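Single chain ahead, by itself, as structure tokens, in the form predicted alone.
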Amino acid sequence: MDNVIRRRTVGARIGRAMLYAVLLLAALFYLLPLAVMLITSVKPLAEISPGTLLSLPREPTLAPWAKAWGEACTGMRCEGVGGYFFNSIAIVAPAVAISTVIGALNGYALTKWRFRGSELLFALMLFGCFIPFQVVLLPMAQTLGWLGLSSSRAGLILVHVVFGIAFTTLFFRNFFVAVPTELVSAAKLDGAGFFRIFWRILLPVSTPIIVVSVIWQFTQIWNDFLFGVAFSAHDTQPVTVALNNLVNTSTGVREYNVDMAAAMIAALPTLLVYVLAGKYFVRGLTAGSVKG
């Protein structure tokens, strides 16, 4: 009997070790492009052509990062991507906050203050998640023109808020369905109104789904290129548009190290968000998957 238990224990350990080995190889394969970008971004240009993609730099340097940030040419200007990086921050922060707040209120109203046609309204909003962005470029451009927001940060913020509301409403609606309706009913009997119930009862338990909404919206807006290139001027372009212009600008020898450094600068915020808050993203999604 002891031999059988021992064999099973050894077999389980071997199976676990093989599983970890496979997962490790998959992770290394997945991270290979990131490793190539990082290694290339700290190589002098003279080491790139004669070397291989994964060869470590003999003389590491941060000069490509400095040039990508403040000197690289993005079209006719050679000011780097630093200014566009802060443009993206100025667009992302209010767009994420506004779309999250509106989505929370929508989800709350659609679950705890239902009204005639609420299900149809939710279905129509959900339909907005599947509309290709290219379809609405012309109507959105006309709308921004009528509002006087063409080629402005405020216009880009409005666009991202409009397209983010469908997703944030979906997240919060599915999460609030799992919150007992009896709590809201009891608060109504005590005289609490719409916003008081939302602020005192729903919002304190909504941290997981707020994190999901913020991470989702941050990633979508920060990585957006289509709306950025269609609805912005040179001074209001996000970092993704600047990165595209930098890579496609030819001023002599192709500086792959500067291109990779700029790509890393553009990707760092989303990488940091998922590294620091990725587990909360998964928890928030599963927290809203019990009902609804």
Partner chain sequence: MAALEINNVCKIFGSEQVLRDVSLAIDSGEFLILVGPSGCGKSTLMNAIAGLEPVTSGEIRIAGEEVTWQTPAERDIAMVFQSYALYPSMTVRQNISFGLEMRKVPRAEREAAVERVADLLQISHLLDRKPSQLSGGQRQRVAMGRALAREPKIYLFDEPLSNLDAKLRVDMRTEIKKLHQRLGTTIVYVTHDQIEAMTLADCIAVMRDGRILQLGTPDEVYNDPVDIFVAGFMGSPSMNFIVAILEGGAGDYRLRIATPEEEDLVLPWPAVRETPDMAGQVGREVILGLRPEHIGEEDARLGDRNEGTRITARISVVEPTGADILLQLPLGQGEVTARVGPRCRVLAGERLALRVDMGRAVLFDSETERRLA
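Residue numbers count along the first chain shown, from 1. Here the structure is a predicted model, which is why all the values come from computation and not from measurement.
Just so you know, the form predicted together with its partner chain exists too; it's not on screen, but the next bit is about it.
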| item | value |
| --- | --- |
| Stretch in contact in the predicted bound form with its partner chain, which is absent here, among 194-202, 209-217, 153-161, 90-98 (heavy atoms within 4.5 Å) | 194-202 |
| Contact of residue 185 with its partner chain in the predicted bound form (heavy atom, 4.5 Å) | yes |
| Interface membership of residue 123, its partner chain in the predicted bound form, 4.5 Å heavy atom rule | no |
| Contact test in the predicted bound form: residue 189 vs its partner chain, heavy atoms, 4.5 Å | yes |
